[in-house]
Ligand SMILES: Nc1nc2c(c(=O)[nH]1)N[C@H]1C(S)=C(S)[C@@H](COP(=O)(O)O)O[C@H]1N2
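Shown next as structure tokens: one chain only, the form predicted alone.
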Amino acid sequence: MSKFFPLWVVVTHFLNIFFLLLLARSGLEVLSAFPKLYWNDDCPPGREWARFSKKMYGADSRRMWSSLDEEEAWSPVLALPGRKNLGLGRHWHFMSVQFWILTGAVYVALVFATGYWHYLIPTHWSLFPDSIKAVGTYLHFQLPHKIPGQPYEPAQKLSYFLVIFVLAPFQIATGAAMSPAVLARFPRYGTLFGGKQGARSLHFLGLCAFAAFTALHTLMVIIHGIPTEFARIVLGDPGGSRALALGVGLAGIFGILGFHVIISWFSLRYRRATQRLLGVMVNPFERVISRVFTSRQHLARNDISPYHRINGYPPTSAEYEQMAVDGFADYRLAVGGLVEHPVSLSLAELRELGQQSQIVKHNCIQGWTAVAQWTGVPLRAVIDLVRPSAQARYVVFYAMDDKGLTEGEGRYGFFYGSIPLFLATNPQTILALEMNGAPLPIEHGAPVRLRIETQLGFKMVKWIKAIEFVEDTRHIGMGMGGFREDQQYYANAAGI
């Protein structure tokens, strides 16, 4: 092995390619769920700066529309796994990012431990004008000279430094700025990037920068000569066998492509198995995020969004429609299960338990955000009233909407969701009865909806008819802990 290309550089280089491709494809799957980019967290319809869809919806539309209508079904050739599989795409993304960060951490540690940083980090300002001259040399169809005693010419060294020590950390930072749990606990962190939508846009531009670097890097390999460059990259020896290097390098490339073909097919053919397998690596991280962070959001009234998207259509049953016409006067919320004192509460009786208001940011799993004021009963007050038994570990919320009627696409049954008991006692977990100072609108979950400010929106069940305290959720629905988890393969914890 050459001192310029030791074995650990060869291995981490390959792993970086492997995980970056996983991140890129799964990231595009996540983007396909809301293929619009904003700089403003209000996400006003029609004011996006980039749109990767022909669908157009307006805030003043005469026909009710849901954010689910904005979702696109991108090809598995592009997205992982493609075909409207946001839940599985997120699983692949968050699994890959853990190993990509670990690979990068090992690489950086070895860079400084071995003194390799001399080849990557600029030590003099002259590198910048020298890099410009090197680019000019390339544009004249000539190869610039390498820096004496180093493996790279100036433009290469500068670009590697920027990618490793600027672009990669930037992607990690903007990724964290899209986590509802992180933003709820550290609201000011998101402002570093202009809010979640600013972070989302910058994260996408970071992906574009990685793609541009990869294309340019590949072009440089071709220009410098594939056999020679493969000997450096694959064997770590510029003087090594060109035939061996070419064979091993091409085998690695085709191996990665073959792997992506297999996992795309497997993910689409065996969706539940994919959800469970990837969940082994993803779910513990999500649970830690959800448990550690509590919401500290206290936004101002002038932060309230002029338009707040909805996700899903209201119940269509005659019973619900009549209840809505009567102003929900006959509504009763049943609370039972593993409790000492089961109750059935009217809206008036719910309000008597105490109310609180909070102006907070809603984070939909699709990617859009909006700010609203929610007023309602702290769920902790309901818990104190019914007194759950020691065996109760989860709270299940049952809704009145039959998704077979309101959503379709092969999904069926009444919506439900569950949360661990520790989330139910968080200070900003409430049963919302009002929105922006007025009774809760039907499209936003009237008469009662759940608000959990460290979680994604699909956990905040709307049109609640009953609450049950249980020891386990495996006997409910398909056993995954919620309707979206059952039928769209989402993760049960939703802090990222």
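All of these numbers come straight from a predicted model, not from anything done at the bench. Start at 1 and count along the sequence shown; that's the residue number.
What comes next is about the form predicted together with this ligand, which is not displayed.
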Just one of 361-369, 185-193, 87-95, 243-251 has heavy atoms within 4.5 Å of this ligand in the model of the complex; which? 361-369
Using heavy atoms and a 4.5 Å cut-off, decide whether 25, 74 and 210 all contact this ligand in the model of the complex. no
Would you check, heavy atoms only and a 4.5 Å threshold, whether residue 232 touches this ligand in the model of the complex? no
Please check if residue 151 has a heavy atom lying within 4.5 Å of any heavy atom of this ligand in the model of the complex. no
Interface membership of residue 403, this ligand in the model of the complex, 4.5 Å heavy atom rule: yes
So in the model of the complex, does residue 460 come within 4.5 Å of this ligand, heavy atom to heavy atom? yes
The single option of 311, 426, 305, 264 touching this ligand in the model of the complex, heavy atom within 4.5 Å: 311
Any residue of 408-424 with a heavy atom within 4.5 Å of this ligand in the model of the complex counts; write them all down in order. 415
